[in-house]
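Have a look below at one chain only, the form predicted on its own, in structure tokens format.
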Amino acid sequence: MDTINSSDFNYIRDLVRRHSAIALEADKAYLVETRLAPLARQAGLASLQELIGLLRIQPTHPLHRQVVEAITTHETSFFRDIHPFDALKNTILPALLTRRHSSLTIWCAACSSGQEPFSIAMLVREHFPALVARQIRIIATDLSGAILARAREGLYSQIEINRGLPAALLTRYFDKQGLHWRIKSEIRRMVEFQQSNLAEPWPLMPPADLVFMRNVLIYFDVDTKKAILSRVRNILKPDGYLFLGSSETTLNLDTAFQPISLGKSTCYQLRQSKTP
């Protein structure tokens, strides 16, 4: 495998930071090598060094975007860290159903290949059929156009299926296609996929009842985290809910949010101003 020298590594770190605000740590040279070597081969280049050389002399080349997408982590699974989904089923959706008389909007940020929004869609169809009839809008966004194309296709390997998907839901909502499984159209139709970079100006978003932004803030520096949470605050409904990853928090980042304990899960709501 190609190895990357410190100058080229720092160039890639700066490139990724400029385009995505993701801060690559100093010990991630191996990650850059493993992610970019296949990209170099796909582009018909002889080596990682040749790829980086091309990036340096052609700052508007489409490969810049492909490099950023290749570096971005796309780790996900169905019903990942099950506790937020338990909270959604047992507490949050029942509460929202009693307070809403129109449709609900759920936003899954950094959705990767779609397992998280599809998990929410299956949970809703299984346990809240009345909500499906009343219209629920699930918006899923990601930085990577390539990964969103995969998500829209809804086609998963056996390994991806084995990671967190209950057998009953596999039987009910997936069709076998060769060595893969495709999620049925009734679930795919419930999710809208859009390309969006959290670190850049966001597209116009509707007010959200629920925001899933899990395991993504950890890749940003403090200023970027604060900016993202400020934008979330502007679109989250006053009684809406924000889910972050288990190792993430709004503490010392945005005092407008307060943690809410829901069984084995924690989410965040906006603090309500007290009337005098």
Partner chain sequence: MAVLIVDDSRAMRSLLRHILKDAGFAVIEASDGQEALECLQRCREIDLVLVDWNMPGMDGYAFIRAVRAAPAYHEVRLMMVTAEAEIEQVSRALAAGADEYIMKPFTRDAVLEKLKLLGILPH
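Computed from a predicted structure; not experimentally measured. Positions refer to the first chain, counted from 1.
The same protein also exists as the form predicted together with the partner chain; that form is not shown, yet it is the one meant from here on.
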item	value
Proximity to the partner chain in the predicted complex (heavy atom, within 4.5 Å), stretch among 165-173, 200-208, 108-116, 144-152	165-173
Full three-residue contact with the partner chain in the predicted complex, heavy atom 4.5 Å, for 101, 131 and 193	no
Exercise: residue 158 in contact with the partner chain in the predicted complex, heavy atom 4.5 Å	yes
Close approach of residue 82 to the partner chain in the predicted complex, 4.5 Å, heavy atom	yes
